[in-house]
Ligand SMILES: Cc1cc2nc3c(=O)[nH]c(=O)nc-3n(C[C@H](O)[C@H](O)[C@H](O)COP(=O)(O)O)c2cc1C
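Take a look at this single chain in structure tokens; it is the form predicted on its own.
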Amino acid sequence: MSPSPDLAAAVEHALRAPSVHNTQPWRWRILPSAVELHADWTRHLAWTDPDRRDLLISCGAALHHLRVALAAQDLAVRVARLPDPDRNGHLASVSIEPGGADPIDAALFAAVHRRRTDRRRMSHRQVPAAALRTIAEHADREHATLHPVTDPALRERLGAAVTEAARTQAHAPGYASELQIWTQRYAGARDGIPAANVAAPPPGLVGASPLRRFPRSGLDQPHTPTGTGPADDAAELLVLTTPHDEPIDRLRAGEATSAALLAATRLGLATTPLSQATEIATTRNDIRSHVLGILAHPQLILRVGWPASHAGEIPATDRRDLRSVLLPG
């Protein structure tokens, strides 16, 4: 006999998914044997994310988190993505099906509440190729591909694309205002990025940092041990791509992002989703043509590495409570 589903608990776990600037741009409807995921367009960052790519990726990550939480209850599910062509905000319906859970999804559940976005310097210890393959296999299960950018020349081009995206956004009229809004939230907002989760760039960087610059920082950088060289670390940069660039591809990219981040967390690795270079069409195309040299479409960059020695624990960012994100049943 199949277990009785606790759909509300599964949605609460799904709320731990990462989202652009922790905007949490989703709404949920819980039915007797299904859960619907809807976009919350009121939380769209118009200047940061003009084509809603980040919003759909964020919602896709929440969808995968939901699947993982249901698998942890030993529940099989069927997912209908973009099920209603007349309502583009209805992103997915997840129905409970007879049978057992996907064991690979279920195994990721323990990482849901351990995962953090780590914007600090990481370790100089290299990430094993086997670990990168494992992470890529999880993304591949979600119909996306992770491309490690390890060649120094290509890595430099990728860094240049990130720098150019930052320069372009700095001159966008509303970008700075959006950044201020979502990094200086009002008391009790339970969203946005607090200063306690942002670290200032470490002194001594040699290359360009791939990290977005935030107005405030309150997270300490780990101390750089004597003899390890410059502050640059051994974190890998992996570009996530999909075969096409339709809304369903961006939703799938979010599911793959969640799968990759949870798999990395399960291996003990630190992770940072990086969306800045893919928010700008010119730098996104530059990555596609001059870094990857492929026809697939870049959706996001993932930074993966070992936590630096003696790095303190990163506090969990707040999430809105379940009542705030539920639609009437």
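Keep in mind that this is a model prediction, so the values were computed, not measured. Each residue number is its position in the shown sequence, starting from 1.
FYI, the form predicted together with the ligand isn't displayed, but the following is about it.
The contact residue chosen from 147, 124, 120, 116 relative to the ligand in the predicted bound form is 116, the criterion being a non-hydrogen atom within 4.5 angstroms. For the options 291, 300, 66, 35, the residue carrying a heavy atom within 4.5 angstroms of the ligand in the predicted bound form is 300. Contact between residue 10 and the ligand in the predicted bound form is not found at the 4.5 Å heavy atom cutoff.
For residue 57, a non-hydrogen atom is located within 4.5 Å of the ligand in the predicted bound form, even though that partner is not displayed. Contact check for residue 20: a non-hydrogen atom falls within 4.5 Å of the ligand in the predicted bound form. Contact annotation for residue 109: none of its heavy atoms lies within 4.5 Å of the ligand in the predicted bound form. Checking 212-220, 68-76, 95-103, 124-132 against the ligand in the predicted bound form, the stretch whose residues place heavy atoms within 4.5 Å of it is 212-220. Looking at 305-328, the residues that come within 4.5 Å of the ligand in the predicted bound form, counting any heavy atom, are 317, 319.
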